[in-house]
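Form predicted on its own, single chain, as structure tokens, below.
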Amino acid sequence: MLKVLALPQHYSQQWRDYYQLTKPKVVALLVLTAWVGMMLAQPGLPQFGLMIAATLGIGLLSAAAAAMNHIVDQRIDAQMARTYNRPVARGRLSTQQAVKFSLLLAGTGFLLLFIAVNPLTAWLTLASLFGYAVVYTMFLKRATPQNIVIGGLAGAMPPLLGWTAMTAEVHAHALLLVMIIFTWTPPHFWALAIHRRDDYAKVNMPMLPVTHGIEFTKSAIFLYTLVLFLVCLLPYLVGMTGAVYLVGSTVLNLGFIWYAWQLKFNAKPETAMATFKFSIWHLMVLFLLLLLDHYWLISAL
């Protein structure tokens, strides 16, 4: 009787492990930026069925990339305080289970996008998975302190994927959204890398704070936030957005610059992690502002 009662708990834990394998919070932010790309791709509301299929397909392939990251990084994950409790690193899920799960997610997501959305979006999303799970995780991450700069392109793709899902074409405005995330990624990640510098040093991972020092990394973060401020002006300067976005993005970017300034010149033990957390809210609110501005402009016409 006790064994029968214990069985559901075992399955419940296993499903939680599979869920954790997908890095749901990271995927949620990626899907949000893809969803905003879908909305911005046309003046009215997107076709509901197409939007659902695209969201699911992009989400499944993003989750597959996250699972592959768990598989490739399981050895170093087991040695780092931030990641030692991940399912594969702790042995709660075997490598074989994780591989099967990631391939199932990737195959399902690709077929859904190819059949129900369009081939361009399917292939671009698969290329993004390859860029993150293979190019970044297997090679760049272990090879150069510029890993997150180069590899960040894969994580910056979702707005373009959302856009192509609705239009089946690559548009310059979608590339501006990619550029925003591409520029946002290094200061976002380096703030976390400063906080976890000793962890990365322990596993000989060439993150910027390990190879060039914390002070150099702080300077790089500050300079990137200045560049990000300028990049975020581009949608307004090309007529893609209006005043709502301009004002909102200016406030957000000044906030990011302030955090970077504090990190560089007035840092406390918690400043790096506070900067990292703010950067997440920065990107999320920035893309919601793009959406608000888009429909505000439409209603004003």
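Heads up: residue numbers just count along the shown sequence, starting at 1. Computed from a prediction, not measured in an experiment: that's the story for all the values here.
There is another form of this protein, the form predicted in complex with ligand HEM, and it is not shown here; the text below is about that form.
Visitor: Answer yes if any heavy atom of L286 is within 4.5 Å of a heavy atom of ligand HEM in the predicted complex; otherwise answer no.
Guide: No, L286 is distant from the partner.
Visitor: So, C232 and ligand HEM: in the predicted complex, are they within 4.5 Å at any heavy atom pair?
Guide: Answer no; every heavy atom of C232 is more than 4.5 Å from ligand HEM in the predicted complex.
Visitor: Give a yes or no for W163: in the predicted complex, does one of its heavy atoms lie within 4.5 Å of a heavy atom belonging to ligand HEM?
Guide: So W163 does not count as contacting ligand HEM.
Visitor: Just checking whether G155 would be counted as a contact of ligand HEM in the predicted complex - the rule being heavy atoms within 4.5 angstroms.
Guide: Output for G155 is yes: heavy atoms within 4.5 Å of ligand HEM.
Visitor: Which is the contacting stretch out of 220 to 228, 98 to 106, 146 to 154, 169 to 177, given heavy atoms within 4.5 Å of ligand HEM in the predicted complex?
Guide: Answer to the contact question: 146 to 154.
Visitor: Which pick from I181, A191, L208, V88 sits with a heavy atom within 4.5 Å of ligand HEM in the predicted complex?
Guide: For this set of options, the contacting one is I181.
Visitor: Which of L29, A41, L252, M240 has a heavy atom within 4.5 Å of ligand HEM in the predicted complex?
Guide: Checked against the cut-off, the match is L29.
Visitor: Which residues from 263 to 287 come close to ligand HEM in the predicted complex, meaning a heavy atom within 4.5 Å?
Guide: Stretch hits, in order: F276, I280, L283.
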